[in-house]
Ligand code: ARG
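In structure tokens, the next block holds one chain alone, the form predicted alone.
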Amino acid sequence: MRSLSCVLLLAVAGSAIAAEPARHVAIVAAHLVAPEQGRVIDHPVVVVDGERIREVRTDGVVPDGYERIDLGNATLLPGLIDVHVHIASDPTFASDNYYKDILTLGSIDAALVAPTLAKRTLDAGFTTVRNLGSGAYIDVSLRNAIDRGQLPGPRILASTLALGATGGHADDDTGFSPDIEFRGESGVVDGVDAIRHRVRENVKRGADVIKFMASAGVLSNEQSVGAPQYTQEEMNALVDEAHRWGRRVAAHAHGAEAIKMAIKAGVDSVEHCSLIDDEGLKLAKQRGTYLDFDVYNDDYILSEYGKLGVPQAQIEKEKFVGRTQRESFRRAVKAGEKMAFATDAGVYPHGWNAKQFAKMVEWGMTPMQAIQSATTNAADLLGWSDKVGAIKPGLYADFVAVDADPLANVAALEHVSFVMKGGAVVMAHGVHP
């Protein structure tokens, strides 16, 4: 049950709290999940100054001068992190005509819906995301607007345009008549020198991270699902150039060979990892490479994409990789691989990100491991362990709370009751300041 102080806090939502973060608050809850320690702390008091955490107390004392936010019997966790989203697309905005949408909707249409998708993500408790691919630099503009306080949304690490080979997973022209020309910025690039230049262009345009297509994919028109689409030399050059500019690299890769090539090139994470073999698992372990499996969205694609008019060939590719990806995920868990929470949201609806937790537990993780993948592990992958991913002094005051015990039933994370980002209350029991 919420205390009177929490009710009063929400009652004044139209005044100062709506305009700027509360400067001095203390959050009280029944329990706190501390993923960096792998344990639960009972009766915590989290003291917040401005947008940062000042201290975490266990004596139940709220310091003088701090406004008390009492969450009652709830369990408090760090703000959740999704390291693989596409914030400018969502199947709920699609019609039932796949080709009509491609030919009639453009970057302005995507930019108009992106703020709604960002808000859905934040309301679901995901206070930080890594956006791995967006046309027209929409993710950069959205990130900047959120950072300026002009729009509500999560902290965004933007990749801008995903890079890929001609005729590959990043090439929108694939499968269309040569008489049709898609205009606008493109991530299609071939050859070592051109790839180095394109990495620099992405950095120039605001990229926080570089994403490229090491292999073919599912939701595109090339025939293969996993064949390598860059040479080893091209991958090596791409990663070297990105790291030269201080940017981490995420490689889309389904196929076993492409996964190993990307790891050898020095990528920081491999996305999807569907057909990874034992050699690839061993190599990732040796190199410290994160493996990011999107193990929920297979359900949504097979259930809903036929209704959207998506070509049957793409759906058949998903049938080929879906079950195998989950089995590969289970092998990766048993092997003790470094893994972060990556949903590919945008392939399925934003705001549903937390549905993946239950799948991760179903396929081998403990609830604590699943939570760690979306907190401490994800922050480490992003290079943001000094900012997010835990509840400890100096980090951003990014929190979520749930009324049920997420370690008893991790699906509780699908129903957050409280969200705070940077010391500002985003949502409490369905009420938005």
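Start at 1 and count along the sequence shown; that's the residue number. Everything numeric here is computed off the predicted structure, so don't read it as measured data.
Quick note: we don't show the form predicted in complex with the named molecule, though the next part is all about it.
Only one of the listed residues (Val140, Ala94, Ala110, Val347) places a non-hydrogen atom within 4.5 angstroms of the named molecule in the model of the complex, and that residue is Val347.
Taking Ala358, Leu281, Val321, Val188 one by one, only a single residue has any non-hydrogen atom within 4.5 Å of the named molecule in the model of the complex, and it is Val321.
Contact between Val218 and the named molecule in the model of the complex is found at the 4.5 Å heavy atom cutoff.
Gln325 belongs to the set of residues with a heavy atom inside 4.5 Å of the named molecule in the model of the complex.
When contacts are judged by a 4.5 Å heavy atom cut-off, Asn297 counts as touching the named molecule in the model of the complex.
At least one heavy atom of His272 is located within 4.5 Å of the named molecule in the model of the complex. Heavy atoms within 4.5 Å of the named molecule in the model of the complex are found in one stretch of 123-131, 74-82, 198-206, 246-254, which is 246-254. Along 139-170, one residue reaches a heavy atom to within 4.5 Å of the named molecule in the model of the complex: His169.
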